[in-house]
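Take a look at this single chain, the form predicted on its own, given in C-alpha cells.
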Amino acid sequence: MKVLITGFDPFGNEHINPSYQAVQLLELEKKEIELVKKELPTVFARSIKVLDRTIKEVKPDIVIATGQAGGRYDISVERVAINLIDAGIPDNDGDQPLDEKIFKDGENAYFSSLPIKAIVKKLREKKIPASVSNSAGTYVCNNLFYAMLYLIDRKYPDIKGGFVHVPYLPEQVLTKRNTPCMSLNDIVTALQIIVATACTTKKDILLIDGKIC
C-alpha cells in the first residue's frame, strides 16, 4: 500500500511549520506501507496544482494531508471540508481571497474518507490528545483538504483521503502566553498511528465525539 503524506511550509510570522517538520521525520515499522512525503506551499492555487501533480506521479492508495492549527491543543482529525475561502491573512504569495468558492462546480462540502473515529481512538489509547474536528477553517488547509476530496471525487475515485491538523511546537509558543503546544516527538508518533490506522481499518467505528455547541 502506498501513502502520500503532505505538510505545509511556514506561513504568517512563523519560521517553521510543525506539519512538515513531523512529516520529514516520519518513519514506519510496517514495510508493506510505502510512504511518500511532500511539502506543499501555503498558497491557495499553487498547493492544489502541486497536490494534483503529485497524485498523478505517485499514484497513492491513500492521501493524508497535515497542517498547522495554532491554538489547538490536540491532534485534530478533520471530518469535513467546505467549498469556501475566507482568508484571515494573505497566503505566501500575497493572495487573500474573501468569500470565494474553491471550485465553482464542486459540492458545498466533502467528507473525509479516512476512518476518523478509529484514528482518534487509537491516538487516545497511546495517550496522545486527539479529537474529531468539524471545521478545518477557511484558509489554505481547508482549501487543500476540499481540493483533495474534489479531485478524488472527479479524477481519483479509488483513493482515500483526509486531513489532520497539528498544534504548535513548544518553540513556537515561547512568546505566546497560554497557547497550547505539542512536542515534535508526539506529533511524529501521532502521524505513525494515523497512517497505520488508515491502512488497516476497513470500516470506521462508532465513537462518541460529537460537539454540543
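One-based numbering along the sequence shown. Note that the structure is a prediction, hence the values are computed from the model and not measured.
Although not depicted, the form predicted in complex with a small molecule is the subject of the following passage.
Chemist: Hey, in the predicted bound form, does G162 get a heavy atom within 4.5 angstroms of the small molecule?
Modeler: Flag for G162 set to no.
Chemist: Is the gap between I75 and the small molecule in the predicted bound form 4.5 Å or less for some heavy atom pair?
Modeler: Result no; I75 lies far from the small molecule in the predicted bound form.
Chemist: Quick one: is S47 in contact with the small molecule in the predicted bound form, heavy atoms, 4.5 Å cut-off?
Modeler: The answer is no: S47 has no heavy atom within 4.5 Å of the small molecule.
Chemist: Quick one: is G67 in contact with the small molecule in the predicted bound form, heavy atoms, 4.5 Å cut-off?
Modeler: Output for G67 is yes: heavy atoms within 4.5 Å of the small molecule.
Chemist: From the candidate stretches 123-131, 79-87, 105-113, 137-145, select the single one in contact with the small molecule in the predicted bound form, where contact means a heavy atom within 4.5 Å.
Modeler: In short, 137-145.
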